[in-house]
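Only one chain is given next, in structure tokens, and it is the form predicted on its own.
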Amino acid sequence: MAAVKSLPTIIQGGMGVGVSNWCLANAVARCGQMGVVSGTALDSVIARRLQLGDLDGSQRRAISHFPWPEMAKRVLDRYYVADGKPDEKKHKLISLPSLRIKKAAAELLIVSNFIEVFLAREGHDGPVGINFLEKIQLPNMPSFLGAMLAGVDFVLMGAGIPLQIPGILDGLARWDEVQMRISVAENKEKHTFLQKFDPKEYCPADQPKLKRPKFLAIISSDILAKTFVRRASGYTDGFIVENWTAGGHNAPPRRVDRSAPPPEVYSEKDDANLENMRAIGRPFWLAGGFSSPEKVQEALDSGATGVQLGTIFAYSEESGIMSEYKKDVVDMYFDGTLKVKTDFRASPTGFPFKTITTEKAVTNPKVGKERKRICDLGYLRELYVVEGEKVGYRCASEPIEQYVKKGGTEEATEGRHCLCNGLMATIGLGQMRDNGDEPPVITSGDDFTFLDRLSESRIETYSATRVVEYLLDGVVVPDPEPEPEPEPVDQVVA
């Protein structure tokens, strides 16, 4: 029987790009709950922080603890700018993600994920997780290694069905070569496209012992939970059951007719069966609309281990969203003009994506029309077969003529936004353009009623610590049950 351990009641959601930064995760973990950093585009985030001069010294403090000094020096030499780059100078771009992992790109991924997790874990012994997207496959294996080198406790993953990830984490913990089957469109011949990653190529000797982090799959239904139990490549330690009211990317609705506007397009068919979740016998957390102590208690009473929350933490003092954008959204809430839209066209991934339109946001028709389409970060690019086993890369938010030339349709580009550049702008790391700064993309969940109880006025801010105290006020947390022992799982490539 496994030892009794207390799992966190609160998981602070892993909001990317850089909204769930190390400052936020560290603050939450100090409260004994799970702080989570976003792994999405973390290599670009760290590269740009270094180019801005790392004025608080945090990035260099973390990198001084990196186990392989020569690799750390290469990253610093490539991106660090003492005192910061001039405001008018553009950020130096990193390599676009590719099927064949380039050494310099892999090193930046390893170091970046180490930095963010190290800082999130610094100064306390609370649990820290890192969140990735299945839809962004190409950077993930080096990213896992970097996070594991820093001692990350949990890996959380959604935006797809990441059945391969538990086995990959197992392999990396043993310093084995690992591989991931990559999704490639227009693959009529059904070729298998694999990305391989050997951690020993980056640390050929004196490999430190690695802890295998627990893996939590972010899902929308109990059916998917059962799929992980049966088919995942390794043990899935628990589930985050996220409904469509959560921010960021949502699972598509299960009903066929999607012509009706949300919430009508979603129905009870999109709700997970909690009785079935309890029967699986593994910890699960509920997400989407649980930002009050009453809702937390409701989740616990339903048999959940706890809840995951994003939006309530996104507007706290520690989150990565620029203060001016936080204020714009809070003002709109108190003015009664705030509208959160489930946009079925915004994301190049094809998944529904929550957006808030402000004066500066790319979702503002005037701003969106003025922005010149460009794809120079490439995280959401789709791989497609060019011929035989050769692949190309395209994104529905890139220049239309380029996308069509690559075999895409003009219809597929309609309404698409560049989330990569927009989300970087939201955290103050947007690229400089000849016609001005990149406009932000602002995403949030539907529920902002927590502001009525956390902010006595629109000018009052609140901390992540206050959020945790508020959410757990008066909540009765059941005694922890023994964690189940991992069961043997047939190793498969999903």
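All residue numbers are counted from 1 along the displayed sequence. Fair warning: this is a prediction, and the values are worked out from it, not measured in the lab.
Just so it is clear, the following notes concern the form predicted together with a small molecule, a form of the same protein that is not shown.
Stretch 438-446 is the answer when you ask which of 46-54, 438-446, 22-30, 66-74 has residues with heavy atoms within 4.5 Å of the small molecule in the model of the complex. Shown alone here, Asn421 lies farther than 4.5 Å from the small molecule in the model of the complex, counting heavy atoms only. Residue contact with the small molecule in the model of the complex: Leu471 places no heavy atom within 4.5 Å of it.
Proximity of Leu309 to the small molecule in the model of the complex falls within the 4.5 Å heavy atom cutoff. Although the partner is absent here, Gly289 is a contact residue: one of its heavy atoms lies within 4.5 angstroms of the small molecule in the model of the complex.
Between the small molecule and the residues Ala246, Ile115, Ala396, Val296, the one pair within 4.5 Å by heavy atoms in the model of the complex involves Ala246. Site annotation in the model of the complex: the residue of Val155, Val362, Leu133, Met141 reaching within 4.5 Å of the small molecule with a heavy atom is Leu133.
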